[in-house]
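Only one chain comes next, encoded as structure tokens, the form predicted on its own.
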Amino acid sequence: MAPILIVGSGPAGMSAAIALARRGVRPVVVSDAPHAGGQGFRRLNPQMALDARRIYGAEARKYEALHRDFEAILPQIDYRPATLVWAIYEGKAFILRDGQAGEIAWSGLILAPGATDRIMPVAGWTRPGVFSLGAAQIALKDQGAFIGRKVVFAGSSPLLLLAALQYRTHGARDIAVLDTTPLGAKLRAAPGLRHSPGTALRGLRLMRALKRLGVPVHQGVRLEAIEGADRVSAIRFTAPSGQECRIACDAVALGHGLRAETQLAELADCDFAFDAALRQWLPVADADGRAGERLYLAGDGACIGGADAAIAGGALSAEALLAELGEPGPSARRRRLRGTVARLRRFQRGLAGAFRWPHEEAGRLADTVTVCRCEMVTAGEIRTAVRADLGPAEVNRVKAVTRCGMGRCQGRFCGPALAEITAEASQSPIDAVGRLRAQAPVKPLPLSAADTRS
């Protein structure tokens, strides 16, 4: 019998593997990452001798427990790190590992691919020295390094505060946070945070810690431009008072929350629906994560929910899949996990109000601003295409005309802005312009892979 296949080794994939192994099932776990943990619980580079408690703070015990439990089951699973799943068709995953192509058939599939940074472009965001917020954290967790000597964390995300505190506690002294969501919006979103008061409290502690350490946090700003000649030299923004301000810096970490990695779910024939609160298209799944026959989704790739929701969701999908395969476990455990996931996702929707995706900024982007870094497509080129006679008002057609989203990242970073600009230029609701369709390979492959397929 074919094995159960788990794609992804972040908190959701790890949790699903642990749940299956504890039930005596040996799954195959594949991930293109070299180590388990995903981004949120990325395994710290042991050669850097980093202190998990200084990196993860109150989450350190959870990080250590998850990695300890996963390492304990390694003899009981078939774990294949650094393995890319580039397509899924007809009950098989098509993989690439060490330059060798291959296939894995499954009896059940759990997709837990996680999420990537969502970014609203700003003038100058393609300059050397601008990183995604996730990349700024990778530099610290993997290499014990900062992305610059004077770093500004800019955008709208609770992870801005977390990353800034991680940098500060590791010795970075010249840092600042520019949060584009006004304080009033945060206060209005406060009722939605009641679904996870402990998480909300951790957020307040982050803000207090940054204040105590003297890190300036500017809220409700409008990002105007990232300046510099050969690389970043400053970031310019407008304060809520209307005053134009400028901070000298040599690096910017930019992030506006997360977008779900959904390409493999689409190739696996999942249906999609637009989530107005998170303002993105997500695969449709039931409360257990079931999206089709023996097909389950877990973690941020199913719906943005954070690490706790991913851990609970991974275990829930494993239990539900086993039940579908005729090996049901205790129903009380599934009910508890189901309740946890639902509650944390409600919290995340409240958080989306406290840290807003600044979609209206797409309409303010100058025509000269680059939206697609891979193909160097500007906001003006997108608007020209949409506003032309018989011009497209659907993102896949806009992509075909402009090449926005056709590059190496396959629209992962430019896709959200492309949709917003298309909606604004065509004066259509955002959910009416569609979503970029996924195509295999979901990530670039070397041509040599075609010769190695077994």
Partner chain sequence: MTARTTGTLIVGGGLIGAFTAWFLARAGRSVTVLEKGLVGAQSSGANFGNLRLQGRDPRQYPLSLRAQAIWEEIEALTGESCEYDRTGHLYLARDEEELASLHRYAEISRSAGLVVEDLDGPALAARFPYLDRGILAATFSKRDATANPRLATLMVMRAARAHGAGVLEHCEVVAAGHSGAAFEVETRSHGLFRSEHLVNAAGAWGGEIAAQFAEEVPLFSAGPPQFVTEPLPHVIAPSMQRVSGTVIFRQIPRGNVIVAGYPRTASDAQNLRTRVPPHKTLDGMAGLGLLAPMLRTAHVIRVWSGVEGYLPDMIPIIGPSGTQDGLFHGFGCCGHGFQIAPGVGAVLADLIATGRTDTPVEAFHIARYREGVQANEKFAREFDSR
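Every value quoted in this text rests on a predicted model; they were computed, and no experiment measured them. Residue numbers count along the first chain shown, from 1.
Just so it is clear, the following notes concern the form predicted together with its partner chain, a form of the same protein that is not shown.
Considering its partner chain in the model of the complex, the lone stretch of 255-263, 329-337, 86-94, 353-361 in range is 86-94 [heavy atom distance within 4.5 Å]. Although the partner is absent here, A2 sits far enough away that none of its heavy atoms falls within 4.5 Å of its partner chain in the model of the complex. In the model of the complex, its partner chain sits within 4.5 Å of a heavy atom of P441.
At a distance threshold of 4.5 angstroms between non-hydrogen atoms, E64 is out of contact with its partner chain in the model of the complex.
When contacts are judged by a 4.5 Å heavy atom cut-off, R54 does not count as touching its partner chain in the model of the complex. In the model of the complex, every residue of the candidate spot (C374, P446 and A450) has a heavy atom lying within 4.5 Å of its partner chain.
A heavy atom within 4.5 Å of its partner chain in the model of the complex is found for exactly one of A33, L50, A400, A60: A400. Contacts with its partner chain in the model of the complex, taken as any heavy atom within 4.5 Å, map within 383-417 to A388, D389, L390, E394, R397, K399, A400, V401, R403, M406, G407, R408, Q410.
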